[in-house]
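Here you get one chain, nothing else, as structure tokens; it is the form predicted on its own.
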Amino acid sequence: MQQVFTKAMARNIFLGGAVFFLAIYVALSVDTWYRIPERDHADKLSPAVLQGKYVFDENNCIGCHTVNGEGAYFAPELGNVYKRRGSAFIKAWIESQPTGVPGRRQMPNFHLSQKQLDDLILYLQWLSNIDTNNWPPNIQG
């Protein structure tokens, strides 16, 4: 005997599934919002770090680089560059641009002041301390 699938049965299956997945979505969203403060360390946002973010935005660094996997994929990830390279390397690298090495992508020289450069490095240091669950997964230099 073949069972008849009625409109009422289809509606109940749809509504039951929708409510179930909505409940999962809400639970995961609430959990995420409760975990953000312990992971983003926003309490460590100093005026210098905020100025570094301003320098980052003013020079459209996200137009070429990614930060935690978001942005353009033309140049290396910056969310973990401080841990990979350190402040001395970052400062020297930015100051030496463009390198003029044939066949390599070139970063323009933004003619940043020492204060801007120091603030930018503090911002990159702050970024490197965000707990991203190791995202993006590629931390190679």
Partner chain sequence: MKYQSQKVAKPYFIGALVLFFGQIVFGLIAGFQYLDGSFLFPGLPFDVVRMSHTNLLIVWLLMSFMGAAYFIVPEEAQTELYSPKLALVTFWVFFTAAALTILAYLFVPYAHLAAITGNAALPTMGRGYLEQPLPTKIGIVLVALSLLFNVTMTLIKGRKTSINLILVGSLWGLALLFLPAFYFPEDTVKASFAWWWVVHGWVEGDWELILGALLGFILIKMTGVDREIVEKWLYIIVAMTLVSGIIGIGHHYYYTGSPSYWIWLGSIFSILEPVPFVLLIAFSFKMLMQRRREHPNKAAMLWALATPIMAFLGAGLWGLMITLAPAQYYMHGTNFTAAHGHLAFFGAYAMISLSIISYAMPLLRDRTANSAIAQRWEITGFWIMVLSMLGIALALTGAGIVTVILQRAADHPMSFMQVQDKARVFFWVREFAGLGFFIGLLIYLRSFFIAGDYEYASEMKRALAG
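Positions refer to the first chain, counted from 1. Quick caveat, the model's predicted, so the values are computed rather than measured.
Missing here is the form predicted together with its partner chain; even so, the following discussion is about that form.
Exercise. Considering its partner chain in the model of the complex, which of 83, 104, 115, 44 comes within 4.5 Å of it through any heavy atom?
Worked result: Of 83, 104, 115, 44, the residue with a heavy atom within 4.5 Å of its partner chain in the model of the complex is 104.
For this session: Decide whether residue 124 counts as a contact residue for its partner chain in the model of the complex under a heavy atom distance cut-off of 4.5 Å.
Result: The answer is no: residue 124 has no heavy atom within 4.5 Å of its partner chain.
Problem set entry | Exercise: residue 64 in contact with its partner chain in the model of the complex, heavy atom 4.5 Å | Looking in the model of the complex, residue contacts with its partner chain include residue 64, since a heavy atom lies within 4.5 Å.
Exercise. Wondering, does residue 59 line up within 4.5 Å of its partner chain in the model of the complex on heavy atoms?
Worked result: Because a heavy atom of residue 59 falls inside 4.5 Å of its partner chain in the model of the complex, the answer is yes.
Exercise. Looking in the model of the complex, any heavy atom of residue 87 within 4.5 Å of its partner chain?
Worked result: Result no; residue 87 lies far from its partner chain in the model of the complex.
Exercise. Are there residues in 33-62 with a heavy atom within 4.5 Å of its partner chain in the model of the complex, and which are they, in order?
Worked result: Those in contact are 33, 35, 36, 37, 39, 40, 42, 45, 50, 53, 54, 57, 58, 59, 60, 62.
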